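As a starting point, one isolated chain is supplied in structure tokens, in the form predicted alone.
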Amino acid sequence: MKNRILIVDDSFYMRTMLKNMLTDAGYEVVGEAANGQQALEMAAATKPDLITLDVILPDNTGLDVLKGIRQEQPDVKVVMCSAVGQEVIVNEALESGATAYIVKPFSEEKVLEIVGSALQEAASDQA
């Protein structure tokens, strides 16, 4: 079974880039959200295995969205993706339940490595 991924980023370009990387690697992208409200709705509707989540969203912060997702789906893996790599924000994201944090710009190899290890962790959690 393919791993199901939801992409959350306000940048259409970034969503498209991530979608292409992930689908080329054999993942199923079940949705793309451009803001926090869409992210919460799509996460509930699609029940993804993993969510890539931008920190800066037009209607909310990624950290607030992360907390909302965690309340509804405590087991979903969330990889934060942001140009904001300040240590305090990275630490807050990880403390709030993010599985990993990728700082933009990132390489395809880095994204696939982090997504792959997060999903392996999910598989071993269920074993």
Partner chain sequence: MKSREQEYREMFMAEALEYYDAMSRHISELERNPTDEPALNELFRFMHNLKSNSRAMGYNAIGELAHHMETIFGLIRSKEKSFTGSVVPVLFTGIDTIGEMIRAVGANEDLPEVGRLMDNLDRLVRGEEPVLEQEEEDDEDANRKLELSDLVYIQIRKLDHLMNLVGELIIDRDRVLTLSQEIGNPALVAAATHLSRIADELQYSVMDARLVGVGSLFSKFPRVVRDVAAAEKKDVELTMTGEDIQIDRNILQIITDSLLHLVRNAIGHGLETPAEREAAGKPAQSHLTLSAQTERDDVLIQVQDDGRGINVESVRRKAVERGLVAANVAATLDDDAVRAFLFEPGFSMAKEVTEISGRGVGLDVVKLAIDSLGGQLRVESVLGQGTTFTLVLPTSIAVKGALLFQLDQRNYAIPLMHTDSVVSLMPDNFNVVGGVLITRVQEENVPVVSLRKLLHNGDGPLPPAVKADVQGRQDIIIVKYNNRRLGLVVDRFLRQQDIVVKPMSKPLDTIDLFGGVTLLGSGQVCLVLDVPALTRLFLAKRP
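Positions refer to the first chain, counted from 1. Since we're looking at a predicted model, the values are computed, not measured.
There is also a form predicted in complex with the partner chain; it is not shown, and the following applies to it.
Comment: 24-32 is the region of 64-72, 45-53, 24-32, 90-98 lying near the partner chain in the model of the complex, near meaning a non-hydrogen atom within 4.5 Å.
A residue is said to contact a partner when one of its heavy atoms sits within 4.5 Å of a partner heavy atom; residue 79 fails this definition for the partner chain in the model of the complex, lying far away. In the model of the complex, residue 37 stays away from the partner chain, with no heavy atom inside 4.5 Å.
Contact annotation: residue 104 falls within 4.5 Å of the partner chain in the model of the complex, judged by heavy atom distances. At the 4.5 Å threshold, heavy atoms of residue 117 stay clear of the partner chain in the model of the complex, well away from it. Counting a residue when any of its non-hydrogen atoms is within 4.5 Å of the partner chain in the model of the complex, the hits in 2-23 run 2, 10, 11, 12, 13, 14, 16, 17, 20, 23.
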